[in-house]
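Shown next as structure tokens: one chain only, the form predicted alone.
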Amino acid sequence: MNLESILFTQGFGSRRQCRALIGDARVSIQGAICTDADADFAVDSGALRFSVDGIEWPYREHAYLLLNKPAGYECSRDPQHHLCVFSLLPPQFAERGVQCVGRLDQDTTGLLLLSDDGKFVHQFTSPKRKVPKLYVATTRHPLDDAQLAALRDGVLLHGETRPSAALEAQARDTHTLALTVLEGKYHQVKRMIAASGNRCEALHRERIGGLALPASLAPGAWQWLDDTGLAALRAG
């Protein structure tokens, strides 16, 4: 693939803009400045790295990202009342069409996946896939055995005809609930907690499938999801 196409597929602007970046000697490939937009490089090994204005990027056919979402951000490109979660990412990801793999409410924090791979997005948002998701909720009132049992057995949400049950529901302390669900209905975890007789004061997603939010990833920070992370996600 030629260098112009490499930059274009990675979200660095239109083809004309990519060619201008290269012509202005702002692009290095494998550590050396390249001003030939038509120079060809192998991209099939996964080892290609390039730099734009001194910032190094790996070539990825598809982007798979993990973000530690902070509160106050909407998972939308057209947010209504809060900041856009995509503003936490470098702009080239929006240019290449990265989207959220499912959504978190603006006040919900934690593990959020993003990708430009439509098949991947569908796979992990389809209700048929039933990917377990672990949430940690802070509750207003103390937890008790009756609430935990109700969550495991199933609670009927307003407007629903079938009960929603947690795969697991455990108290980590008097006001901290670890809840695993397979579905992804609107405000599901908050509504389930309310239906059990309590109230959710804060909500954090800790795990999707077998993939846990890295303890080292600060709120608002992102990282590439590597093959090990993808395998863990699918293993769950």
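When you see a residue number, it is the position in the sequence shown, counting from 1. What you see is a predicted model, and the numbers here were worked out from it, not measured in a lab.
From this point on, the text means the form predicted together with ligand URA, which you will not see here.
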task = Sort through Val27, Ala195, Leu203, Ala63 and report the residue having a heavy atom within 4.5 Å of ligand URA in the predicted bound form.
result = Leu203
key: Single option in Glu95, Asp144, Glu160, Asp105 placed near ligand URA in the predicted bound form, where near means a heavy atom within 4.5 Å   = Asp105
request  = With ligand URA left out here, work out from 97-105, 76-84, 144-152, 121-129 which stretch has heavy atoms within 4.5 Å of it in the predicted bound form.
outcome  = 97-105
query = Lys190: heavy atom within 4.5 Å of ligand URA in the predicted bound form?
reply = yes
ask   = If we check ligand URA in the predicted bound form, which of the residues in 128-166 reach within 4.5 angstroms of it by a non-hydrogen atom?
value = Tyr135
